Each structure stands twice: as structure tokens, then as C-alpha cells.
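What follows is a single chain, given as C-alpha cells, in the form predicted on its own.
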Amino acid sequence: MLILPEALIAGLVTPEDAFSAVEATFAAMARGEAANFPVVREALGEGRQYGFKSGFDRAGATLGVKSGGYFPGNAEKGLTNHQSVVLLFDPDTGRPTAMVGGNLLTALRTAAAAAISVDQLARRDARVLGIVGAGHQAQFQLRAVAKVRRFEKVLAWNRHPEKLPKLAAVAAEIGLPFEAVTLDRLGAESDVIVTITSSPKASLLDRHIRAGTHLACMGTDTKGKQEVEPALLARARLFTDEVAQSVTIGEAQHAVAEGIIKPEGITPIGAVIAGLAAGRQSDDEVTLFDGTGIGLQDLAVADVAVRRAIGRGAGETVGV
């Protein structure tokens, strides 16, 4: 079994690698060639979450599981709040083949999913990017999404404004003007909005969002979390990584519970990528991608890391 510790991942997988791997995985799901298994996710108290995401991609020949969760006290310990590891198995024999550090891979695949949704669903003339949230993951989102449209500026809001300067530094790094604004202004001026928070209560309301906006809602991945008002989902055309997760642990859970949308009205983004469903149909349409984070994404980027490590002779091989 090959062991790839977290310290090696940055040298093995690029954001471009993550984009291609996740895009291929979404398309494979739409074609019926890949499937996620049910998520196991439990609250440990004090805001901590722990669980397992797993799946099997026949097209990519990947089988495995990611184990990890969210530990909000980690920042005080010099660690990222999300901690995880990916285990890969030979799909023919079940033999464990690799153990891969999953922290950076999770950040890259989450950002890639948002960027894919923008690439597929945002208006081609989108010029203003809005970001709700300013945590560690927001920086990855900004870098990834900025690559798929010619944005001219970034507007951002965070419940704790003192965290915004780090996001502003990333915007400066990639050459985009940055401004901290109110939610009213963010919604009124943004063509694309990425939400990446761990909020239990909606920040963005239906009234904030103008016609033609694309939203990538990336923070809700557990029962009880919520980033946007359910009424907004009722107005938008809805897309997701996986419908089953969207309606149970994703942003759609609240609108479904209130009976204002139905699961049948949510389109898998993979179907758009594979040419099996329509994406944006007009410039005035509001589109919303519910990025819940699926196990197959983790397996896809971990597989990239393993293949590249083998080619370079990186990592440590141990017997099992």
C-alpha cells in the first residue's frame, strides 16, 4: 500500500488536475458509470463533525472512502478545521492500495466543483464575483472560480469582517480589485456568487439576488446547515453534485422540507457536462448549484495523486 502524507499533496495535484478529475467524475455519474454510497456523518459535540464518504467509479476504476470531518477548534492549534484521509482499494480484489492525506485534496475538489458550476452555468459576460464567507476554503474558491470567467472585481461579505483581509490578499495576488460590501450590495452587483460558510442560518435572502445571477452554494453539507433562503431555491433553476445528498444534507434540505421544491426539479451537474440536460437557458435566469461534496470527488483527486506519485517514485510503500 502506498502512503502519501499531507505534505506531499501540493506537489502532486494542481487545481487544474482537480477540475478535470471532478468534471469527469460528475459526467460518469450522469452516465450511470459511478455511484456514491450513503454518507455516514455524526455530530461529536462542540461543533465537531465526523463521518465517511465513499463510492465506486467504474469508468475511473476507483473504489474507496474518505474519513474525516470538521473540527472548529483547530485554528487555535495551528491546524485547518477540516481533517481527512482517503483510502483507495483495488476494485477487483478489494486490496487496499493507497492511503492519501485528504486535507488539501478536499479544498481543491470543493473549489473545482464550484468552478465547474460557474463554467457550465454562469453567463458568459459575468464580470463581478461575489463571495460570502472568508474562511480558509474561500481562498481556494476565489482562485478556482476566477479562472473560468474574466472577472473585473471581487465583492465579499463575512459575518466576521476582520477575516476579509486574507481574502483580499488572494484577490490582489490574482490581480482583481477587492471590496468588502454589505449583502445588499453584493447581491445587487454580483453576476456570480459563491457561498462558503458553515452557517446554521441563511445569510443570503431571495430579495438580495438579481436576475441572471449564478450561485454556487458550497458550505452546506450537514443537516441543519443553511446558507441561503429557501425562497431563493424556489425561484432558481437548481443543479447539484448529487440529488440524494442535496435534499438530505445539502442546501435543498430546507426548501424540500418546506414543500416549496421537489427533488425531481434538481438537475445533476454531470448531466449538463455529459450533454444529457440543459444548463442555463436565458440571461435572466437565476441558476443555483448546491455543492454538497461527494465521496467520488475525493476518490478522483486522490487517484490523481497516487498515479503521479507512482510515476515520480514519491511516497512510502508498506505491506498490508
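Since we're looking at a predicted model, the values are computed, not measured. The first residue of the sequence shown is number 1, and the count goes up from there.
Quick note: we don't show the form predicted together with a small molecule, though the next part is all about it.
A residue is said to contact a partner when one of its heavy atoms sits within 4.5 Å of a partner heavy atom; Pro268 fails this definition for the small molecule in the predicted bound form, lying far away.
In the predicted bound form, the small molecule lies within 4.5 Å of some heavy atom of Met218.
In the predicted bound form, the small molecule sits within 4.5 Å of a heavy atom belonging to Gly293. When contacts are judged by a 4.5 Å heavy atom cut-off, Gly102 does not count as touching the small molecule in the predicted bound form. Residue-level contacts in the predicted bound form: of Gly94, Gly175, Pro165, Pro200, one residue has a heavy atom within 4.5 Å of the small molecule, and it is Pro200. This chain lacks the partner; the member of Arg210, Arg127, Arg235, His136 within 4.5 angstroms of the small molecule in the predicted bound form by a non-hydrogen atom is His136. Residues within 4.5 angstroms of the small molecule in the predicted bound form, judged by any non-hydrogen atom, belong to 127-135 and to none of the other stretches in 127-135, 148-156, 84-92, 178-186. Within 4.5 Å of the small molecule in the predicted bound form, a heavy atom is found for not a single one of Arg143, His214 and Ser246.
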